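The chain that follows stands alone, in the form predicted alone, written as structure tokens.
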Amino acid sequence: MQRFINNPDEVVEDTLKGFVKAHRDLVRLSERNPRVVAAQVAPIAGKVGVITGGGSGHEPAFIGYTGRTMLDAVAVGELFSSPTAKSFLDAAREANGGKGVVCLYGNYAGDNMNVKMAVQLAAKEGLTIATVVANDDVCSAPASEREKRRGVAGEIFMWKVGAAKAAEGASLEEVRATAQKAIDSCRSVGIGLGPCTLPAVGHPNFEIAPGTMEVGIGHHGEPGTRVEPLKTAAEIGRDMASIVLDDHGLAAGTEVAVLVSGLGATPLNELYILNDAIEAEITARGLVVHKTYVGNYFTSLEMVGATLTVMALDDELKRLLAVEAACPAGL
């Protein structure tokens, strides 16, 4: 295993040390909990705090979206594991400006359990935490059971929009409702071409045979809906867009934001090749691409592959997406 690590069991701690040094103008480690990253500007008095949390190994998610007019604090878990309830609670404390906190997180069993516990503990000290659960991964459950779907890269749009709404001085319920609208407007899909390895395990956590690809793969290697022979980028991009848009059912003329993210080991040029095919399929359906993001926004260690997220826009989402912000991920 060829890696830049010191101790396989201390990868998260070492990552955070380097992260806060690299971005000290925007973020800091919480003094009450070393597994919480907070924005330098947090808390902001009179503003709804916006937080998230999740397992490490997805950088720049989750910590990279902490900053000005972005997330106020992030609870940090072990590689591919949920943060503790205490870390979610401490993130809320770091973000609390006296107007309540909204926690915007992905639909995973560990996160659901620990956020629920944090909400209960916070209530005992008079801190209200509202929640929105992301469930944008189309292939993780049928549309009729959307509440079972996982949260993936659509969370990035949810964070951006929710944080921008909070910065406008909106109430806790207004921020929660707008973040909910953002994630309800998102659909995502992942394609895996190669696995990743947890350093403490030392071998790939799943297999993708050479010459094949896994359609609908999750961010932790969760099985997709099917394994197919590897296709050309044009064919894969068209398939990804079709999966997302068939589920979305958007009317012609709808404006959309597009996010194409690598999973950690896919060269940027290949992501642009994919995006060319994705946009061709989107526009062929009569939709209008308002803004496109291509890069490594939500990774899975060194997994080879990519995800596509499409968010349908209305005037409010367009306005909030355009609000100037500063965070290490550079969104």
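For every residue, the number given is its place in the sequence shown, counted from 1. Please read these numbers as outputs of a predicted model, since none were measured by experiment.
Below: the form predicted in complex with another copy of the chain, not depicted.
Participant: Can you work out which of Ala123, Ala141, Met117, Leu230 has a heavy atom no more than 4.5 Å from another copy of the chain in the predicted complex?
Facilitator: Contact residue from the list: Leu230.
Participant: For the spot marked by Leu127, Ile156 and Ser171, is every residue within 4.5 Å of another copy of the chain in the predicted complex through some heavy atom?
Facilitator: Per the other structure, none of Leu127, Ile156 and Ser171 touch another copy of the chain.
Participant: Which single stretch, out of 93-101, 242-250, 208-216, 133-141, brings residue heavy atoms within 4.5 Å of another copy of the chain in the predicted complex?
Facilitator: Among the candidates, contact is made by 208-216.
Participant: So in the predicted complex, is another copy of the chain close enough to Pro34 to count as touching (4.5 Å, heavy atoms)?
Facilitator: No, no contact at 4.5 Å.
Participant: Would Gly305 show up as a contact with another copy of the chain in the predicted complex if we use heavy atoms at 4.5 Å?
Facilitator: Contact with another copy of the chain, yes.
Participant: Decide whether Ile236 counts as a contact residue for another copy of the chain in the predicted complex under a heavy atom distance cut-off of 4.5 Å.
Facilitator: Result yes; Ile236 sits at the interface with another copy of the chain in the predicted complex.
Participant: Hey, in the predicted complex, does Ala164 get a heavy atom within 4.5 angstroms of another copy of the chain?
Facilitator: Contact check for Ala164: no, nothing within 4.5 Å of another copy of the chain in the predicted complex.
Participant: Considering only 253-278, what residues come within 4.5 Å of another copy of the chain in the predicted complex, judged by heavy atoms?
Facilitator: Gly264, Ala265, Thr266, Pro267, Leu268, Asn269, Glu270, Tyr272, Ile273, Leu274, Asn275, Asp276 sit within 4.5 Å of the partner.
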